[in-house]
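To begin, one chain is listed below as structure tokens, in the form predicted alone.
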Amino acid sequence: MSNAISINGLTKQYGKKVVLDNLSFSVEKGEIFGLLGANGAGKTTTLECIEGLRKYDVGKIDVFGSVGVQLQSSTLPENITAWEAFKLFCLWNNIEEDDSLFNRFFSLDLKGKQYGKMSTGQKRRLHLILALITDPEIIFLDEPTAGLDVEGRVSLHSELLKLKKQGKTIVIASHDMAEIESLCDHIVILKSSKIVFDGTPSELTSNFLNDINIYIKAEEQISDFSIKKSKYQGFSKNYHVFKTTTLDDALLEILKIFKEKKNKIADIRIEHETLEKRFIEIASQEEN
């Protein structure tokens, strides 16, 4: 698969402060790419350099396709209505008004709502519509679900997956780890102006000591376990809890013990490490 974006040696400084330090990565066409990092890590600066909104000092950026941008912070005149803003952007881009695009994100009763009276979530949806007006090949979204309620988030995620199926490349900067984990094919994590991880979400959770918790609910409580493939953590909320890094071997060993004791199992639950936990672990690691 060919690249939609290629970054080589991207460096940006403000005075003596290095904001982006020799970043190199690529985004493949048709994938959903996530750019992660704590506040101040350089996410927004990186996006703005790629989008052409901010000058950089050193490096090369290649973008292969038309671009649509939803900024983290943007505004419109207070009195302009949602539909007026939509028509204005269509006119500016010499594009025929497409009601279907507007109606995908806004109900008809909101057409006449003034921008200054919109909720944060409504503004975010309008900004996304305006980013999609030109039917871009590459879509940049900076904190796209900020201010959205649960229903709005689910709806937006559904639309993003539809855009991916259409072959669009989507670049997301977000603090929402659940959002990144469910949507993204590829992620890059920035820390202190540098890339500290570049890969898939599953690779991130497997590149560390990947602890897995096994929860067993049975008819009777057992207090003594002679096991080698996992470590017994105790009894909590009617579940025996075990921790392991080898799920298959540990589960077989645990189930054998319950069977030998003729202790009937009522429920089994497996919990893997989450992307959020691994992200926090990386963010909290001290610099060498």
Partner chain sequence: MKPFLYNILIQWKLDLRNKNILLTYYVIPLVFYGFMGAIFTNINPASKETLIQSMIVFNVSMGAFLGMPAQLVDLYSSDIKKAYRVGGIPIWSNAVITFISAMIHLLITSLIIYSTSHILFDSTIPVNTFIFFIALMLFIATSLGVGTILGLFAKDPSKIAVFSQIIFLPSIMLSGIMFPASLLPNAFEKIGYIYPATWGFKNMVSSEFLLGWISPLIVVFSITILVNTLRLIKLKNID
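Positions refer to the first chain, counted from 1. Given the structure is predicted, the values throughout are model-derived calculations rather than measurements.
There is also a form predicted in complex with its partner chain; it is not shown, and the following applies to it.
Asker: Only one of V154, A178, L108, L91 has a non-hydrogen atom within 4.5 angstroms of its partner chain in the predicted bound form; which is it?
Answerer: The option sitting close enough to the partner is L91.
Asker: Looking at S74, N213, S192, S119, which has any heavy atom no more than 4.5 Å from its partner chain in the predicted bound form?
Answerer: Contact check passes for S74.
Asker: Give a yes or no for N79: in the predicted bound form, does one of its heavy atoms lie within 4.5 Å of a heavy atom belonging to its partner chain?
Answerer: Heavy-atom contact with its partner chain at 4.5 Å: present for N79.
Asker: Quick check on G234: any heavy atom within 4.5 Å of its partner chain in the predicted bound form?
Answerer: Output for G234 is no: heavy atoms all beyond 4.5 Å of its partner chain.
Asker: Can you tell me whether R54 touches its partner chain? I mean in the predicted bound form, with a 4.5 angstroms heavy atom cut-off.
Answerer: Yes, contact at 4.5 Å.
Asker: Spell out, yes or no, whether the shortest heavy atom distance between K87 and its partner chain in the predicted bound form is within 4.5 Å.
Answerer: Because a heavy atom of K87 falls inside 4.5 Å of its partner chain in the predicted bound form, the answer is yes.
Asker: In terms of non-hydrogen atoms within 4.5 angstroms, which of the given stretches 221-229, 24-32, 244-252, 54-62 touches its partner chain in the predicted bound form?
Answerer: Answer to the contact question: 54-62.
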